[in-house]
Structures are given as C-alpha cells and as structure tokens.
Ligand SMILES: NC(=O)c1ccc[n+]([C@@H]2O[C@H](COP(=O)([O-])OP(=O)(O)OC[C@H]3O[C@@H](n4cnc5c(N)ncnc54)[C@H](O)[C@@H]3O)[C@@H](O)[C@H]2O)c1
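Shown below, as structure tokens, is a lone chain in the form predicted on its own; questions about how it binds or moves come after it.
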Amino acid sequence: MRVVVTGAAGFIGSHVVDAFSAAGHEVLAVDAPGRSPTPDVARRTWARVAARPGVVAAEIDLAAHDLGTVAAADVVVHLAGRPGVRDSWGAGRAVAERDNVLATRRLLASCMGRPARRRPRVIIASSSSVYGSAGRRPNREDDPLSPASPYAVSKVEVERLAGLAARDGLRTVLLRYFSVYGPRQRPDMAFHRFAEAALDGRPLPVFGDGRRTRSFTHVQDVVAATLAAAAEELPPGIAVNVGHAEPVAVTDAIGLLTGVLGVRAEIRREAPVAGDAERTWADTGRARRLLGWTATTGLAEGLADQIAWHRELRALPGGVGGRPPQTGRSEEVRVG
C-alpha cells in the first residue's frame, strides 16, 4: 500500500510514519518543517523520518505548493496543521486558518481531482477541542460541537470540509484525538514542559486550580487507532473519537509524573487560558465497534515511557547541563 503521511516531522506524524514503514508499506512523508513553531526540533525529527527504510521525504507546504504527488496514494493520513489552543489567539488565528483550513481544503481538492476509482482514502486528524468542555458524560461523536478557541473553530471547519468531500465521493475519516502525550511530544505541550521543569528543579505553573480533567492518550495508542482507520472501509465522512476512556485531573497527573521522577514539584498557580476545556472525556464506543480499538496504556505507564525519553535526550552529547539539545522549551512550564 502506498501511504502519504502529512505532518510527518511532527510528534504524532513521525510515529505514524514509523509504524507504516515497519509494516512494510511504501511511505511518502510530507512536511514543511520550517513552518513549525519549533523549526529546529522539526528538522531533527524530519531527518530521522527521512532516514527510515522505505520512506521518501518531501518538503511540501500544503497551503502553497502543488499537491499532485500527495494525492497519488492509496491512503493519505493528514496530520499536518498548526496545533494549540493557546497560540491560536491574536495573530495565531490567521496561522491556524492557513495551516489547518486552507491546507486541508487544497489537499481535499487535489484528492477529488483524481479519477474516481483512483482517489485515496483520507484519514484526517481532528481534535477533542471541537466539543468544548464535556459535561456529566463522555462526549460522543454525534454530540453538538462547541469550539471555544480559534484553533477549535479551525478544526470544526476542517471537519465540515471533510464532510462536503465525503458527499462528493471522497472517502474521508475524521479522528478526534484527545490530549496525546509520549516520546517526541512537542516542547510546548504540557507533559514535555512539566518533565523538563521537574528535572531542572524549576517550579511548575499550573493554569487554574489543577482540577481540569483530560482523556490523556498515549501516542502509541493513537498510532494503533490511526493505522486501523487506514485499513478499514469506514462510512465516508465519519468521525471517531481516539482517546483514553478514563479522564484524569491535572493535579493527579502531576502526582503520577513526579512519582515516576522521584521528585516533589513546586507548583505556582496561574490564571486559566481562554479556550481551554474544563474537561475532555472520550466515549470510545464507536472506535471499539468500527476499529476494534481501545486505549490500553494507563497514564502511569505512559508517563514512565515519556520520562525515559526525556532522560535519554539529556544523556545525548551536545546537551547543556544535562538538558536535551533540541527541546527549544521556554523557561516556564505550564500544565493545564
């Protein structure tokens, strides 16, 4: 099978490329690492991806370049985009519109331009943020959408475009990822910044009171769901939650992580960020029925895996003061 993975220099994308390559598929890895918020990190990951056997790497900006090569596949796994609720406000709104909405519109149009029998199946990364905050039960895929940030709004529009393409004959599938973590996590993400601060002995600023809950989902569980979606003939335009079924409060996650590290963290409270959900909670019944998938990695096990990766990075030559040379992190760590 010929597979195209967009966003291949990213956190999830690089793992998905690894999995398809390991399974013996022909993989075209696509990204524009220079557009990453942390381009040094992206380029290092990009070099690693390009070195995998059976992988061809192509630097393509989905919002600007010709996409004929991208559309010429059996399956396109579209993971490229500009992530992050916090950075999507202000000037970030236009960036999310370009890298999420415009890029997806152009990708879908290119796939639709193929002869009907040669159009790829398109697996598209969406986000739990489209729901807003969960209520007293987990969110189901047919719940009303309530985006609370420009990033979430861009993902709702991506889903709308995928639905229109499905009605026109393109086999699209939307995977709503929930709070993904694990090795190679982006430097701006909570557990990455948290682990680095704790290892440095710095305080951990926490947005709000720390009671916000998340369906934290390990990246290898996400990869398994993504590959399953690529292998199945699903109803065109369908959305599927990909998240751990048991939400965990931020304060409890902090306790698990510091327990693995063997440290006692100092926490400093900060004001909540606009658009951050109070609770994300995934109903995974549809994923079980259609993909035979459930998240199997508990948070303690998953955090131990991520922390081992941080420690490996710190042991690499070129680090300063034991720190990994490529994290690109700021001096503050925010968890929320």
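Throughout, we count residues from 1 along the sequence that is shown. Treat the numbers as computed from the prediction; the structure is a model and nothing was measured.
The protein also exists as the form predicted together with this ligand; that form is not presented, and the subsequent description refers to it.
Asker: Can you work out which of 35, 52, 279, 44 has a heavy atom no more than 4.5 Å from this ligand in the predicted complex?
Answerer: Contact residue from the list: 35.
Asker: Heavy atom within 4.5 Å of this ligand in the predicted complex: which of 121, 212, 186, 218?
Answerer: Looking at the other structure, the residue within range turns out to be 186.
Asker: Heavy atoms within 4.5 Å of this ligand in the predicted complex: which of the stretches 141 to 149, 126 to 134, 204 to 212, 252 to 260 has them?
Answerer: Only one stretch passes the 4.5 Å heavy-atom test: 126 to 134.
Asker: Spell out, yes or no, whether the shortest heavy atom distance between residue 307 and this ligand in the predicted complex is within 4.5 Å.
Answerer: Residue 307 lies outside the contact set for this ligand.
Asker: Can any non-hydrogen atom of residue 290 be found within 4.5 angstroms of this ligand in the predicted complex?
Answerer: The answer is no: residue 290 has no heavy atom within 4.5 Å of this ligand.
Asker: Contact with this ligand in the predicted complex for residue 177, defined as at least one heavy atom pair within 4.5 Å: yes or no?
Answerer: Answer yes; at least one heavy atom of residue 177 falls within 4.5 Å of this ligand in the predicted complex.
Asker: Wondering, does residue 159 line up within 4.5 Å of this ligand in the predicted complex on heavy atoms?
Answerer: Contact with this ligand, no.
Asker: Taking heavy atoms and a 4.5 Å limit, what residues of 1 to 36 are near this ligand in the predicted complex?
Answerer: Residues within 4.5 Å: 7, 9, 10, 11, 12, 13, 31, 32, 33, 35, 36.
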